[in-house]
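Below, in C-alpha cells: the form predicted alone, a single chain.
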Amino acid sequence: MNNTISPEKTSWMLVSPLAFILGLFLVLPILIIIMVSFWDYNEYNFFPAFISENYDYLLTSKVTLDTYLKTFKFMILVWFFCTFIGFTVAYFLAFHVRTLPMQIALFLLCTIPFWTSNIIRMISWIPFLGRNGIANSTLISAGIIDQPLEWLLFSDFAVVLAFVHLFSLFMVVPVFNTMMRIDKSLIEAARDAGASGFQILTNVIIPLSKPGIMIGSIFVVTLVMGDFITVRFMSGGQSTSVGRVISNEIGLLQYPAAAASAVVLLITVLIMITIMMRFVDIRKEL
C-alpha cells in the first residue's frame, strides 16, 4: 500500500497554517469592517441593517473631498522629504563609508531616535517649536526675527515636520538595502567611460535604487494616510486627515460611518500601491 503524500497535498499542508493565520487576522477583520459599514446607527447604538447612506454621505460630501485633499497634501510633502533624506543618507552610507563596521555603526546611529515611542518623539518638537521655544528664542537672539514665528507650531508645517521625523527611517532602510546590492563594477565602468558623478547618479544609481525607493514609498504612503494622532497633536486641532475623521467617528460611537470611511481609505491606499508597483518589480527585493 502506497502511503506517500503527493506533492500537491504537501504544498497545501505547508501553506494551510499561513493561510489560516492570514484569513483569521487579516481577511476576516476586513470582511467584518465591510459588513459593519452597511449597518445603521443612532446617537447611542449601532445595529445590523443594509443601507448605503454611510457611503452616500461619504462620497458626496465636500468635507470628505477637503479631508482627502489635505491628507494627500501631507502625504506628498512627507513622501518628497522622506525620499530626499532617505536617499541622501543611504547614498552616503553605501558609497562614501568604506568599511562595513562603520556602515553598521552609522546605520545604528540613525536608528537611535526610533528606539523611543512615536508619541515621545512627536511631542519633543512642541517645546522646540513653541512660541517661547528653542527655535524662536535662537532666531530672536540672533537678530533674524523680531517676534516669535507663530506658524512653527500647531500648523501644517509642524505636522509635516513630525511626519518626516517619524517615518524617514522607513525610507532609509530599503534604499540602503538596495544600494548595497548594486555592483560597484558598474559604477567603475561608468567612471572609466567618462561619466561624471552626476551622470553616474542619474543613470546608474537612481535606476538601480528604484525598488528600494518604491518599497520605502509604500511604507511612507500607508503610514501617513492612516495616521491620526500626529495631525491631532502637531496641528493643535486646526487641521484634519482621513485617519483623524475615522478616530472622531469612533469616539462618537459612529462605528458604521467609521467602517465606511476605513473601507474607502483602504481602497484608496490599495489603488495608490497598485499604481506604484506598476513602475517597478519590487518582488526582486523581497
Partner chain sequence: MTKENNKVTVSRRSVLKGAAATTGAALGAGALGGFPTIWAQNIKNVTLRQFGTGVSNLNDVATKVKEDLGFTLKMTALDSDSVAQRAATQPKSFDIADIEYWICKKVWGAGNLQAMDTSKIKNYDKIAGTFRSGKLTPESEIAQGTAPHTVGFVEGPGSKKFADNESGWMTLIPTIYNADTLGIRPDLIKRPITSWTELLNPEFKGKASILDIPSIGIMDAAMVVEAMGEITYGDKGNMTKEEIDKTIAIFIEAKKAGQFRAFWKTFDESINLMASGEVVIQSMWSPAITAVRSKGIPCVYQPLKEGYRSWGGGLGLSANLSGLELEAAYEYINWYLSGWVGGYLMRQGYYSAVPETSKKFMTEDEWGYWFEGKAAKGEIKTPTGKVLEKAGAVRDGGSFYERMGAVACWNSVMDENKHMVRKWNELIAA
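Positions refer to the first chain, counted from 1. Since we're looking at a predicted model, the values are computed, not measured.
Missing here is the form predicted together with the partner chain; even so, the following discussion is about that form.
Within 4.5 Å of some heavy atom of the partner chain in the predicted complex lies at least one heavy atom of G237. The partner chain is not drawn, but in the predicted complex it has no heavy atom within 4.5 Å of K73. Proximity of T67 to the partner chain in the predicted complex: non-hydrogen atoms within 4.5 Å are present.
In the predicted complex, the partner chain sits within 4.5 Å of a heavy atom of L153. The single contact residue among N132, S196, S185, S141, judged by any heavy atom lying within 4.5 Å of the partner chain in the predicted complex, is N132. For the candidate set L59, L252, M35, A49, a heavy atom within 4.5 Å of the partner chain in the predicted complex is found for exactly one residue, namely L252. The chain is drawn here without the partner chain; in the predicted complex, the stretch among 168-176, 73-81, 123-131, 196-204 whose residues come within 4.5 Å of it by any heavy atom is 123-131. Of the residues in 174-202, none comes within 4.5 Å of the partner chain in the predicted complex through any heavy atom.
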